[in-house]
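So this first bit is one chain, no partners, the form predicted on its own, shown in structure tokens.
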């Protein structure tokens, strides 16, 4: 008598949403089907809401366009960027899952040096479910990987690590360069596969890229706001970096970990460097003031939740960065609006008021 094959349940299938911002048909999902099909997708359609976005058959998804965002958030929709991939954070807002993985629609399955296809989502899940070590650097990188451990001299009191809140993945082929670097290295491709995961140390910032990113929504979701970018704004292509700087400062304050390295995806398409330069040029100047600002941020001990941290950070943005350009005053206000929207759609369990906002996508769940 034959024995039925064991059914293998994908990890966190009922606890993780995949968020994809897009302006085009999602044919790229066909390559990801073996890895993504067991999971729920939240698609945030940017641009013209009357356009139909085709999603391959067999995927469980909900789709939101600009009309849905305006209807669900009302006046608070002003905090969600338009004509920019920063709109993805609306998916973070409406998700009810514990974890988020977000990916761009020009990213495909990469292969490791042995030729094996990389399950990027599985690696992000592993990164998030194993501790991080932000307080003391381990020279063998991730001590929780098979075949590694803490090296001699690593304090035993710190070997338990902390909960990982963010898993930042990398890219083969088209590197995530700014416009000036694109212009001087137009043919450069990343072919180096570095087989490591490392915790970014406490009080160290990093340029976060949103095209291959996982995070613990319950622990750091309110800080993963991708700012005001795109249509009507003086800056673009800094959405994920802004979220990364804010989130890293808050992770440091709340003793949470951030990892970078594996997994790799295959980034297929280089964006136009001249278009990018128009979007980036103010940010290139401003970041020389923005980085020292974040390096010197100190949050009060009363800030014990990501929401409280983010509100405090918004005040500091207005006070310290506002004099640079009025944009930062507007951004500070949008940060507060974002938290108001987050709390409205995600009321705390001990809150007396139940959520009254009806969240209905164009394509139902």
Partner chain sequence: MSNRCPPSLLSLAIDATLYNFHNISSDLSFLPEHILIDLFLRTLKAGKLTPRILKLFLATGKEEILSMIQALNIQLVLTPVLPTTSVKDNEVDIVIGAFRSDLTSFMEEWRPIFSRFHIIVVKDPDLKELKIPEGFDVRVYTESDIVKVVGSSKASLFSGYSSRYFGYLVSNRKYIISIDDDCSPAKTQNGELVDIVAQHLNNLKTPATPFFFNTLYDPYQKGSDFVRGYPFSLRSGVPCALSCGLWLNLADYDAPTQALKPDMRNTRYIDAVMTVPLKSMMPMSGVNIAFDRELVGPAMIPALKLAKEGKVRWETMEDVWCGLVVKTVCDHLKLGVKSGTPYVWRNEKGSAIDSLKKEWEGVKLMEDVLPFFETLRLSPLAVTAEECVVEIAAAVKERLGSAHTSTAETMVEWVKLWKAVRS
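Numbering follows the first chain given and starts at 1. This structure is a prediction, so every number in the text was calculated from the model and none was measured.
This next part talks about the form predicted in complex with the partner chain, which is not shown.
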- prompt: Would residue 252 count as touching the partner chain in the predicted complex under a 4.5 Å heavy atom rule?
  reply: no
- prompt: Would residue 278 sit within 4.5 Å of the partner chain in the predicted complex, counting heavy atoms only?
  reply: no
query: With the cut-off set at 4.5 Å between non-hydrogen atoms, does residue 261 touch the partner chain in the predicted complex?
result: yes
query: Can residue 82 be called a contact residue for the partner chain in the predicted complex at 4.5 Å between heavy atoms?
result: no
field: in the predicted complex, the residue from 183, 122, 205, 129 that sits within 4.5 Å of the partner chain by heavy atoms
entry: 205
- request: Sort through 71 to 79, 172 to 180, 217 to 225, 92 to 100 and report the only stretch with a non-hydrogen atom within 4.5 Å of the partner chain in the predicted complex.
  value: 172 to 180
query: Looking in the predicted complex, is the partner chain within 4.5 Å of a heavy atom from each of 51, 62 and 274?
result: no
query: Even though the chain is shown alone, can you say which residues of 192 to 210 have a heavy atom within 4.5 Å of the partner chain in the predicted complex?
result: 192, 194, 195, 196, 198, 200, 201, 203, 204, 205, 206, 207, 209
